[in-house]
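Here you get one chain, nothing else, as structure tokens; it is the form predicted alone.
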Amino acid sequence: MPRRHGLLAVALALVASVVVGCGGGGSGPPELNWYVPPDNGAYQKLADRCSRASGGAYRVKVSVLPTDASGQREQLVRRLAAKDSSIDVMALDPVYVPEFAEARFLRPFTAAEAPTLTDGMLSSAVESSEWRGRLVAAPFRANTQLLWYRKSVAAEAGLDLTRPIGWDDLITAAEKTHKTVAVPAKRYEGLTVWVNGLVTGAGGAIVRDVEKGVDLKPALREGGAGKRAAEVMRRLGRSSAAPANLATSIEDDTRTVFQSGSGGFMINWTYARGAAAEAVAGGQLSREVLDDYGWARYPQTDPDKPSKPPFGGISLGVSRYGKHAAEAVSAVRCAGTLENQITYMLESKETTARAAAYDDPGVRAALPMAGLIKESLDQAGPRPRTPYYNDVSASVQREYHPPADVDPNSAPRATDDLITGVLHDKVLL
């Protein structure tokens, strides 16, 4: 899942291609290498807690992957294809779980191990961690997108955001108040998240029959869902409500626009308000802006259908090539306990796959929108689950970008044809 940049200064400095030995050489307990996305240091704290909880059975060392989901995938695939034994546990965007499982990079959890890793977890997170009927990764983080709005702007526009709102209403309100609707819309994974949210919200799907592998069925031209998604994107792209950087914006760019004088509405992941609170504490943002933050459910594509909020998060996979599988499973189990999930949630400002965490008083105090997040996760619309997700996603990004130029009459068919061509090696992306 695509996703955090603003809070990550310390972790970003560690990124990337640093090769870390598999550890444990010489005396002492084995050292487990846990590959994670950049964050504000919460992963390291969790790793330290699990190391202490093991009673000396293992130590967990955190190694940081690139910032964006595609970069994380690329680095892990490169290492695992070479059967690199230095990876013990890896944090995976759920969209890549089928690909990694099909490539046999993951050690599936046994029937005895699975219940302790899934009991009490949100069903959407469990489903995203399975492939071909087996638990191949463990639910860890679950994330979704919300509609963030400036309370003052919504009041000026006369919007009642206690009720469902559609994309057209949102754009009209921003035009009326001379404000913006900020959405991550660069040609990257975040754009696919947007397209998928629009398509599933219209009752459609990007692809169907994923069990058929390369013979899956591209479905954007079916039933008008792909066309409707293009209509929304084109309307915003050509509207006065479009931020000047819409076509190049990632998550943190949308926050910058939303928190500026032109900000009115924003689509973003659940960490947005927590990041704003940290900015206020650090003196980079005024308290007035934070107090003006409101939140509501992801907008409807079709007024007659409930919205399908995007699903994101992290699943934890144990490498097939690691040398300490039993210890790695134990560390994954430790990371998923309710106590650790709540603590991690409060430290990272990210949201969890464990359902009971959303009822914790401390979480409710820190995240007053916790109930809405849980509801959104329960009714989320996941992206396509196929080992060929990367090709599908790249095809969508090519034909649905930039938003202002998307042609509702041609984009769905062109994308369907491109997906088929790419999967059958007839077209190069």
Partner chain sequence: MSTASATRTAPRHRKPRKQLDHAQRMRRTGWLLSAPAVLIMLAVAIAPLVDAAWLSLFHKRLTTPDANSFAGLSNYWVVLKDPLWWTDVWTTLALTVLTVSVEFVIGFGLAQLMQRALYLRRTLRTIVLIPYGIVTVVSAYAWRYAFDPSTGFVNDWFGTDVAWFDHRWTALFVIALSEIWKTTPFMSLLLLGGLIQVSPDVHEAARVDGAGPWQRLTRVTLPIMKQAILVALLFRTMDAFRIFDSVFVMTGGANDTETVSFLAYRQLVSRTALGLGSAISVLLFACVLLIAFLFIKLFRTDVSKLGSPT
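Residue numbers count along the first chain shown, from 1. Everything numeric here is computed off the predicted structure, so don't read it as measured data.
Not on display, but discussed next: the form predicted together with the partner chain.
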Heavy atom within 4.5 Å of the partner chain in the model of the complex, from candidates Phe105, Phe109, Tyr298, Tyr344, belongs to Phe105
The listed residue (Ala114, Val329, Ala219, Ala247) that reaches within 4.5 Å of the partner chain in the model of the complex by any heavy atom is Ala247
Contact test in the model of the complex: Arg59 vs the partner chain, heavy atoms, 4.5 Å
no
In the model of the complex, is there a heavy atom of the partner chain that lies within 4.5 Å of any heavy atom of Arg398, even though the partner is absent here?
yes
The partner chain contact in the model of the complex: Lys151, any heavy atom under 4.5 Å:
no
Pro382: touches the partner chain in the model of the complex, heavy atom cutoff 4.5 angstroms
no
Pick from 220 to 228, 75 to 83, 118 to 126, 133 to 141: which stretch has a heavy atom within 4.5 Å of the partner chain in the model of the complex?
75 to 83
Sequence-ordered list of residues in 359 to 392 near the partner chain in the model of the complex, where near means a heavy atom within 4.5 Å
Tyr388, Asn390, Asp391
